[in-house]
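In the block that follows, a single chain appears as structure tokens, in the form predicted on its own.
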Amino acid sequence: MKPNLIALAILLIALCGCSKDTTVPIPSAGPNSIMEETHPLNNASKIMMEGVYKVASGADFFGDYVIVKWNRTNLSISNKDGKHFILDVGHLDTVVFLQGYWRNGYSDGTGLVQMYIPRNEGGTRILTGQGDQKIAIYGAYGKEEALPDQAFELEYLRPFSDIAKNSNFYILAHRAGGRTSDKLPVSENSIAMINYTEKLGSTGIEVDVRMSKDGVPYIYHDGDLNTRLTQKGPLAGPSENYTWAQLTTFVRLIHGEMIPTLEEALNFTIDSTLLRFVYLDMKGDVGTMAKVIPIQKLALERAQKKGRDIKIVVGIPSTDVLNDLMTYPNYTSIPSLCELSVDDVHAVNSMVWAPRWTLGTQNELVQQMHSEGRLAVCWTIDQPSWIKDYLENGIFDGLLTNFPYVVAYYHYIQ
């Protein structure tokens, strides 16, 4: 394509970009936020803040208990029914300040949050790392863009149990960390989403792998290019009908990001996050495995060189994909995740068995997988009552979900 036509195409994308409501606005304290004056906490101080807290004020809205957990960039607070907080934290002298927003993942509910920990009710202990963890967090929350005017108070109850702290349980987030349909501020299956999802409590991700007409593996969920996932542009129909040059030139995801190649997504995950598990959900036609497995191998080698303990597994969702894998040399040595039967797990020596959640906890089969040195994760489980049941009564090594903050709550409150 001539350069002037490329420029015209990009202009067309910009002019036709989708303007529908695709995001719940993130409330902001604005330029006068006190956080600009604070200093960051060290790791020891962050660990002291983590644990299970009783909701002393605001329980009618947020429930009786929450879990407080640091992620790579922020402090997260989660309750049992999908309300979660993403907070910046800093200190002035020995007073700790928390500011950010809450969001109800099952609705459009959101609002500002401003809190603090007084020096004599935990602030000094957090900053010095000395003394008990008797911590009180005071503040208020608001709704939408309104100033926080509803009292919200947390009291430290207990640390996380050894089960919660020491297990290798994986909180796996769908579509690289979250769905576009849940009105998140970044697009599903994007680099931006991979960068964002740890704020939601995720420790691993599932990504959807397809292959362009000229053989480049990339991540994108739907079979077609559509205005659910992309801004309006000149291309339509199956994404696999287009070359990678066409996809990168003419397609932008709903929030403006480019569709990433699988290699870009894996390299970013390894280099720039603390995520520990990547599940490659294979959506492409026969022959995709031959293109994906070398990328998987290079990514695992990259992770090893960087000292990253991360699992990257090719998914097997159907017999067609199973047969495609079995045409690859030494296929039993390829790290894979099989959604099919236990017999199929054995046929290709999958590292992970991943049954759908509607089949139940299946503890006997999961125990069999464990006895064989394999992992078992379950997909895709979203309702809080089912998440609670699977964590209390099941023995899976991880759950795939669209609501990682709910899984985080029920995992860490054990």
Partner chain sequence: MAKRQLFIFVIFLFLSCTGFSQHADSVKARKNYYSLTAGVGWAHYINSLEIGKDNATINSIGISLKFFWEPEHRLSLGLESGFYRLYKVKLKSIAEASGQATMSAIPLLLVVRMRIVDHFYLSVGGGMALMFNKVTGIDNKVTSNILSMSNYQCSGSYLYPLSKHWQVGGEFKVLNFGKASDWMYSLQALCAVRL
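Positions refer to the first chain, counted from 1. For clarity, every value in this text was computed on a predicted model and none was experimentally measured.
The form predicted together with its partner chain exists for this protein as well; it is not shown, and the discussion that follows is about that form.
Practice prompt. Have a look at 100-108, 213-221, 159-167, 301-309 and name the one stretch with heavy atoms inside 4.5 Å of its partner chain in the predicted complex.
Written response: Heavy-atom contact with the partner occurs in 213-221.
Discussion item. Only one of 261, 267, 71, 249 gets a heavy atom within 4.5 Å of its partner chain in the predicted complex. Which one?
Written reply: Exactly one listed residue reaches within 4.5 Å, namely 249.
Worksheet item: Can you pick the one in 123, 233, 148, 204 that has a heavy atom within 4.5 Å of its partner chain in the predicted complex?
Response: For this set of options, the contacting one is 233.
Item to complete: Answer for residue 241 alone: is it within 4.5 Å of its partner chain in the predicted complex, judged on heavy atom distances?
Response: Contact with its partner chain, yes.
Item to complete: Answer yes if any heavy atom of residue 237 is within 4.5 Å of a heavy atom of its partner chain in the predicted complex; otherwise answer no.
Response: Yes.
Worksheet item: Quick one: does residue 274 come within 4.5 Å of its partner chain in the predicted complex, counting heavy atoms only?
Response: Taking the distances in the predicted complex, the answer for residue 274 is no, it never comes within 4.5 Å of its partner chain.
Worksheet item: Taking 4.5 angstroms as the cut-off for heavy atoms, does residue 286 touch its partner chain in the predicted complex?
Response: Residue-level check for residue 286: no, no contact with its partner chain.
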